[in-house]
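Shown here is one chain on its own, the form predicted on its own, set out as structure tokens.
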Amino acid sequence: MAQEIADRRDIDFVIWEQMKAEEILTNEKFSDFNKKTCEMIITEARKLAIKEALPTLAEGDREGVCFEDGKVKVPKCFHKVHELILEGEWQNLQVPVEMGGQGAPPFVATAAAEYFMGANWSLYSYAAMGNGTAEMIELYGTEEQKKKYIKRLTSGEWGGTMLLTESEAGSDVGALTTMAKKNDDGTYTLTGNKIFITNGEFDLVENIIHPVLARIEGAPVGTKGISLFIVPKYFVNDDGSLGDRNDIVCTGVEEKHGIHASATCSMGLGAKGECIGYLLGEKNKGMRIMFHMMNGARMATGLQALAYASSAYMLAVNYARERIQGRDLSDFGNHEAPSVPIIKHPDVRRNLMWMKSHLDGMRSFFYYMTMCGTKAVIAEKEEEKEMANDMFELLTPLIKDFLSVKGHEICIQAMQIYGGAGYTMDYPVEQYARDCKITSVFEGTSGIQAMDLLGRKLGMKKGGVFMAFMGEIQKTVAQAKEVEATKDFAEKVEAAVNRLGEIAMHLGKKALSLEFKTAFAHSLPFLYAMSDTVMAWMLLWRASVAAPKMEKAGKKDRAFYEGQLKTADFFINSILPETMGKMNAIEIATSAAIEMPDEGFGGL
């Protein structure tokens, strides 16, 4: 049996039944797409991902990337599949047609990407990462820059990156030291070094376009003085042909805990004093431009973690059905009773339900965010656009961090289902766990996301956006109260969201007081409490959609719909009470971590 990556029935349920995506297809922007077309695209993506990309996962992990003389070679098995991805234009499904993409509805691109990322994220990222670079140029570049770079990036013919991090300027981007000196012809000469650059150098493309953050000589200190530059690996002539090599080189690759087949590079700029960059957008506005790409990168990171978690969970479920070990608990005293699949054992079932409840909530949450991003662009009324954009902004830190952290934990629990076998490299759950860990680290660590939520997002429009978010949950609660099967669940979710509102107000006030450090010490627990509440919302929403359909459903669909109710039951009655406890702890807001003497942490 071929390894499954994601539950197609669940994806279809979220898209068509929960999110009612057919309403999106009525917009003229997506006039070339209907439900059948969308389903066919997702089906073909699944086939290619499982048949071609997935077999390269373990081989690519074992081989890794090879660095020699400034060049990076990806695993040999990647080349053929990379070409297949580009031939099918799978890397640019969501990219607008005018930028050289296919202009597919974002939810279709999300479903396809979930399959490709679950099959082999490292492989897929080589093809798709240039889209982020292209989007920045589309939004902020000159007409000449757009003509020169965009379609070659979205086609995957050229690669794209993001050169932000330096050894002394990671999360504190304002401390960067890469400098730019203006030349007489309007170009800039850059000097500096960057680290942790995904796809900074690789041998699948003929050119790589690097957006580079640097400070122009004489610019203000901190983030206010940072500009963004386009630095191509090879210069591009006016006719589109490649010119001379630019003075930007890969100086090494990182040996990492996971994603071994992804080239994580250190990059040197201007070792010969000849690294030429072209200003993108206005001077000293680099962070604003980069953060546009960063928000997309954070969404993509959440999807990456979701894809790993989905793949690991599917493996764990199938293993639990096939692995025969131990007697059924009801026959435990009968030593002649046959052994049963481990899925029959209560704690294994509890573990699977824990994984499923989080995974289902995470998938619904991501597609909800995808819909918000879509509506922020296509909604007819300005207030609808504004509302969708506000939701997207508020919830991005949750998507990035909660999906990353819980995605990794799902991978760990999948290993637990396998027992000792899961800790070996004979089974892919071990690799998924290693690969997934990076998602809670890059594109802004957990603490950065929590600070963003408390320091920026909760106060948006004087708390109005957070209130609107709570209102959206209350709408689902009200609908679920009308369904007998979900009425009890709805009341418990209602209590949780009301409590969340109290805690948000309490923590927000503390963040504006002299105890602000204590408030920020509790910002990450708050992010998790808020995310748990979102999970309960999404699962309640699922259950309220599924319950009325059970009576007329066939046997297979009935089991699926009943599964939605049981999953909501499990999370709301087993996990949500723990969340209420987290909120109580946040309300107490002990200052112990802040008041602890540095020496008191030990280790001296």
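Quick note: we count residues from 1 along the sequence shown, nothing fancier. Since the structure is predicted, the reported quantities are computational estimates derived from the model, not experimental observations.
The following text describes the form predicted together with a small molecule, which does not appear among the structures shown.
Requested in this report: Please check if Lys256 has a heavy atom lying within 4.5 Å of any heavy atom of the small molecule in the predicted complex.
Outcome: Result yes; Lys256 sits at the interface with the small molecule in the predicted complex.
Report task. Report whether the minimum heavy atom distance between Glu443 and the small molecule in the predicted complex is within 4.5 Å. Result -> Glu443: yes, in contact with the small molecule in the predicted complex.
Requested in this report: Consider Gly447 of the chain shown here, and say whether it contacts the small molecule in the predicted complex, taking contact as heavy atoms within 4.5 Å.
Outcome: Contact check for Gly447: yes, within 4.5 Å of the small molecule in the predicted complex.
Requested in this report: Considering only heavy atoms, tell me if Leu153 and the small molecule come within 4.5 Å of each other in the predicted complex.
Outcome: The answer is no: Leu153 has no heavy atom within 4.5 Å of the small molecule.
Report task. Pick the stretch from 156 to 164, 525 to 533, 216 to 224, 131 to 139 whose residues have a heavy atom within 4.5 Å of the small molecule in the predicted complex. Result -> Residues of 156 to 164 come within 4.5 Å of the partner.
**Report entry** Contacting member of Leu190, Ala480, Leu453, Ile197, with respect to the small molecule in the predicted complex [4.5 Å, heavy atom]
**Finding:** Of the listed residues, the single hit is Ile197.
Query raised in the report: Which one, Thr177, Asn183, Ser171, Asn237, lies within 4.5 Å of the small molecule in the predicted complex by heavy atoms?
Result: For this set of options, the contacting one is Ser171.
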